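Here we start with a single chain on its own, the form predicted alone, put down as structure tokens.
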């Protein structure tokens, strides 16, 4: 957690352990001149990074993946210390990140290489190609809840595609970002390929105005709009992952035991501070009572803390605790029932809260919570659940439990990612694109789309010989277009 007065009144800020408030380190705030210089250095370095080709970049990135794997426990300890999540959860975050880095390094050349495509009958005498060029320098603005995995989803794919990266981490987790930068510099001799800047909103704003070729931002919907507004001044493209209100749907033929177990993990792991975590479960009436009974049994045995026996750690930032308290209190005032938990908590430790009978007007069903709270709502049938999900302004991800109809239901849900009979698992598959729709953002990281997100497609056509009838010439015969039109009718009849 960061301790600061005002970003305009200070030159440094501190990173704090959220569980003890111990100062872990002090960091200088990068302001506009520093940010501009960092980006200039990155743009110069991008010439070298592009020239060394896919093969050499792959070697560097694979070496980095090897280093990260060898030091994964060291990094996980740091994430646990600065972010507050339990060590095992931090280690999972690191391992997943390494898999994505390795996948991007391995597949970049295959996906982004010079590709021949059909020229069609009208351009019969030409050969056509698509060539993917790096954008140049990518600005990445990362979140506090997954300080390594989330930004690496952009950084890994941007680097593999041939871009340099300037990374602004959340002010709550600068030590993780600095560790990342230092480890990369041990592998790559040019210190300007991956750089880190630190600070608050003004530093992020300076990055958006610095001349980077694209911004990849993860954060709240409100801040996403601010980022887009600043980037629009210079037509800087943006990739946005913003808020979510992710739902889990439990059909009449679901394995209720497995659904309850998965729901508990999806809702409460990492203290609910997961953008793709489950915040509401829509359960059909046939299995509702059984589901709530099994789920509540699990939840009553979960608790927040730092001990080995703890289920998850403290909330990373103070304001998130207040959001949880406010939303739960509002739901109670609107006659919600608390099955587990309480609105009172000590320091940043919030034990899991399970709510039922929540009014559709309650804030907790309208806004992202990002805390250890789950709402369970009974629905008459799966069609009602699908309608509720599709009517939400958020559309990041969803999960479905059904023995026979999971894929059928998945095709009807209008979100960016769906897991069937599991939760969050799409994030662990490097070949699957990751991103949302509507108020949850746009653009994709991970997979083929993630590599292309940090490239631009250049179309090339090479004329090899002249057509019998020249179409794009003032020498075109008067009846040429009539002949072509007749030929077109024959081809497309």
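From a predicted model like this one, the values you see are computed outputs, not experimental measurements. Positions refer to the first chain, counted from 1.
Unshown form predicted together with a small molecule; subsequent notes refer to it.
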Legend entry - Candidate site 217, 223 and 434: all three near the small molecule in the predicted bound form by heavy atom within 4.5 Å: yes
Inset, instruction - Answer for residue 266 alone: is it within 4.5 Å of the small molecule in the predicted bound form, judged on heavy atom distances? - result: no
Legend entry - Contact label in the predicted bound form: residue 168 to the small molecule, heavy atom within 4.5 Å: yes
Legend entry - Proximity of residue 142 to the small molecule in the predicted bound form, heavy atoms at 4.5 Å: yes
Legend entry - Close approach of residue 163 to the small molecule in the predicted bound form, 4.5 Å, heavy atom: no
Legend entry - One stretch from 199 to 207, 280 to 288, 250 to 258, 398 to 406 that, in the predicted bound form, holds residues within 4.5 Å of the small molecule by heavy atom: 199 to 207
Inset, instruction - Using heavy atoms only and a 4.5 Å cut-off, determine which of 275, 194, 299, 101 is in contact with the small molecule in the predicted bound form. - result: 275
Legend entry - 411, 380, 114, 319 - the one with a heavy atom within 4.5 Å of the small molecule in the predicted bound form: 319
